[in-house]
Each structure stands twice: as C-alpha cells, then as structure tokens.
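This document opens with one chain alone, in structure tokens, the form predicted alone.
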Amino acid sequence: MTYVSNSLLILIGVMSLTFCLGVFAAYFVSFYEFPGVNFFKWALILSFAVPAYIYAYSLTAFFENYGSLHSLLSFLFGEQNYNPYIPKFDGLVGAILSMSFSLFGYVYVLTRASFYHQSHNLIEVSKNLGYSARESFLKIILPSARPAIVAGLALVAMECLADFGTVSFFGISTLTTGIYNSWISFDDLNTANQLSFILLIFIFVLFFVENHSRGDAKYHQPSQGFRQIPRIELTKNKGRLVSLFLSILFFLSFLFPFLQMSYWTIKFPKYFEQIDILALNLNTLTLVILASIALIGFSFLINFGNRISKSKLLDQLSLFSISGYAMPGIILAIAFMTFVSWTSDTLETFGIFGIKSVFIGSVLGLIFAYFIRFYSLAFNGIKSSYLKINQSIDESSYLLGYTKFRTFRKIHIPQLKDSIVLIGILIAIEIIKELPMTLILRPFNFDTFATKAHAYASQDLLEGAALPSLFLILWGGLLIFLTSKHILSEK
C-alpha cells in the first residue's frame, strides 16, 4: 500500500506543478511581446536535457549540510554554521520538485503549439463579449487548448510513474523501486511481475480517464478563416515581471543543475582520473548507433510495406506494435527477462542451452529492449514523413520503369533524410537518459553516463556523480538544441 500511496502523491504533486509552469510559460511566449521572448521560446526546452534523477543530485548537493549553498553563504558573509537555516529538499518534496522542473517541458511544448494555432477569431469573440484578459484566458484560450494540455500531462504522468532514479535516490518506496528491489535485491521475479501489473493498471487508468473525460467535445479549428494571433506588447513593468518569471524558470530547470554539476566537477578533479570518460562516451555511442540502425531500418521496412501493400491488417499490427513507448522502462526490462527466462527453460528441455547469456546481461539484449521501448518514436516519425509523399509520385516512378525497391532507394529515402536525422537524435536523447532498463540489462562492468552517475549517487558520493552527470547534460543539451527547430516548429 505504501508503494501505491507514494506513487499517487508524487503523481498529483508533479502534475499540478508541471501544469502551472508549462501552461503559464506557454501562454506568455505565445501571446505577449516582452524582453527576451524569442530567447525563452527555445531556452525553456533545454530542461529536457536534465533527467529528474540528475536534478535530484543537484538539489541535494546544493542544499545539504555544508553543501554548495553553505559554501556560497560562507564566501559572501563569512564562516559560520548556516546549516540550521538552509532548507532541506528531500523525500517526497525533493522528488516532486526534481520531476516537475525536468518534465514541465512536455506541457510547455504541446500547449505552446496549441496556443500558436488558435484562431485570432476566438480572441476577437472574447473581446466582443467584454471579457478581460484573465477571463479570455480562463474561458476561451485554456479550454480550447485542453487536448494539448492533457496530452502533455499524460506524458508527464507516464514519465513520473516510470521514474526510478529520482525516487531511488531519495529512498522513497514507489512501484518502480519495489519492482527493482524485488528483482535485484531479493531475486523475486514473481513479486516484480505483480508490482509491474499494478503499475500497468495505473497507466491504463490514466488513458481511460483522459478519453472518457473528453466525451463528444470538439476542439478543432475550422480551416477557413484562421488568422495568426499577433503578440500583445506588454508595458515596461509587466514585461519585466514576465521576463523575471521565465528567467527564474530557465535558471531552475536548466542552469541550476548544469552549474551545480560543473562546480562539483571542478571542485573534485580527482574523478577525472577515476572515471573513464572515453569509455562512457564509447559505450553510450555504441548503444545509440546500434539502436538507431535497428529502429530506423525496421521502421522503414514496415512503413514501406504498409505503403505498397495497403493492408489494413498489417496497418493494425503496426499500430499495436508501437505501444511499448507507453510502458515504463523498468516493466519492459522485467517482462523481457521473464520472457527470455521462460524461453530458455523451455528450450533447455530440448537440449538447447545458452539463450539467457545471449539476451540477459549483453549489449544485444539491451538493444532489443531499447527496440521495444522506443520503436514508436521511429515508426511514427517515419510514418508522418511518409504521409507527406503523395502516392502519385510512386505511381509515376513505376510508369518510368522503376521497381518498388528502386523507388524506395531513389525517391523515398532522399525525401525522408531529414526525418532520419531527427529521429536518430530523438532516439539518442532517450537512450542517453535511460536508467532502469540499462541498469538491469547491461553487461557486467558496462556503464553509460546514467548508470555511472547512479552508481556514485547510490553510495552518497555526489561529487563523483557530477562528472558523468555533466557530460549527460552537455550531450542532451546539444542534441536538444539541434532539434529545437523541429520541436518549436510553427508550421
């Protein structure tokens, strides 16, 4: 019962805070003109580069006894004991704050896109009805953006329920820590599967409630009569207040963990010798390349097969196969091990041995698990791009004597190359941050930035976790910057 109650408390807290942060940030950058609006528009998505568990390390390192805040106060006001006056953010409060500042970007990005595409006619209607700016926001703007907000909150909820690194670091008993401890600490796969089933019920209930709450409501905008909303110029004082709010949000969500990890890395240079950064980069790069090749290659094959066969059955099977992204990584890891163990035991009765060693504790098994987890990213990315290629192009190429394979090679791939790069970057971001699956299925003595940081943090050596955490943030920030044009596209 403790597992369920803690998971619910964290879920409610994170969804409430991400709703406030994400919606208000999206509202300000979408409808108002103020100093720095174009900077904040893309800077706020850098929070995606900071996993919640690294934010938790930063929060603890800054506010702990004789931590960074104590050092800062001592430098500014002289040496004395500031610990009684320094707040402590741990337990449920620390977990909620860490996840919220890491995940609010989901709500921000989707809500901003919805706000941008709202018709100017709606705003004019609200003015004709005599609504103030506050009333227009509550009665017109917010309700029309409901599907995007709910979609963002659904993603936040799934990430929150699937989180392992943050709750494990703060020592909170949730469903994910229960699943992990059942398998790793007690070697009890049955209990792990039972807890996984409960967590899956949570996920399915979220989807059911969201779909049921919408009913027959319609939220689309008519294609005719749409006019882009011009941003309103704020007065000097109001503009400064909005800029201050977004500056604080940007600082807390990205600069704070980045600067904290940078400070500890510089303060404890000995970890440059203890940690093989080159090996961590090579290991992470190996996983990214292998997983990207498998995911993009198979997604191309399935989408091309659907395009040329036009089979409804194949299309339905494809839709079913992308459901893995909704499943928490720790559940997929446990389910994968259960399946491999059952298959291995079955084959051993026929004299076939060694299946477990091939898939459990190996790079191949890890790539296979990544494939299940992130297949929807690749599949949907390729599919959405394929839909932009008119079928008449294929028919014209056949009339010119092109085979289906040559059409695929000469026409489809060149037109989809930008999508391939984008999908590869998105897969890389997910794999770099992924912790529970990598932690459970990785080969012995095989570390990534995430697992190395977790190993040091679990031993209360936050100064050791700083270096791999910093590299993870840098790589994640660079990749997110490269995709910002697509994430914030206004087309």
Partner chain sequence: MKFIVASLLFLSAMLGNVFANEVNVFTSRHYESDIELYKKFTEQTGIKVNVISGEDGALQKRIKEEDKDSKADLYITADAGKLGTFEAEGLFQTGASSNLIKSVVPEQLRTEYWVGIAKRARVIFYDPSRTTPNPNLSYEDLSYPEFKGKIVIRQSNSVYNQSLVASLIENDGLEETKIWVKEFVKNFARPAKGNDRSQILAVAAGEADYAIANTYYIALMLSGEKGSEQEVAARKVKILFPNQKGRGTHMNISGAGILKHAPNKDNAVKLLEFLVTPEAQKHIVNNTFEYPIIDGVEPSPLISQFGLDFKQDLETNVSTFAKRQAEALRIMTEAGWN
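Residue numbers count along the first chain shown, from 1. Think of the rigid core as the biggest set of C-alphas that the two forms share within 1.5 Å after superposition. No experiment lies behind these values; they were computed from the predicted model shown.
Form predicted in complex with the partner chain: not shown, discussed below.
A heavy atom within 4.5 Å of the partner chain in the model of the complex is found for one listed residue only; from Phe379, Phe101, Phe170, Tyr370, this is Phe170. In terms of contact with the partner chain in the model of the complex, the residue from Leu246, Ile334, Leu175, Ala145 that brings a heavy atom within 4.5 Å is Ile334. With respect to the partner chain in the model of the complex, the three residues Val358, Arg442 and Asn445 uniformly fall within 4.5 angstroms at the level of their nearest heavy atom. Looking at Phe304, you'd find every heavy atom of it more than 4.5 angstroms from the partner chain in the model of the complex.
Although the partner is absent from this view, Tyr180 contacts the partner chain in the model of the complex, with a non-hydrogen atom inside 4.5 angstroms.
Contact between Thr338 and the partner chain in the model of the complex is found at the 4.5 Å heavy atom cutoff. Contact annotation for Ile308: none of its heavy atoms lies within 4.5 Å of the partner chain in the model of the complex. Only one segment in the set 406-414, 196-204, 270-278, 146-154 has residues whose heavy atoms sit within 4.5 Å of the partner chain in the model of the complex; it is 270-278. Annotation for 281-302: interface residues with the partner chain in the model of the complex are Thr286, Leu290, Ile293, Ala294 [heavy atom within 4.5 Å].
When two forms of a protein are overlaid on their rigid core, residues whose CA moves 2 Å or more are considered shifted, and Gly297 is one of them between the shown form and the other one.
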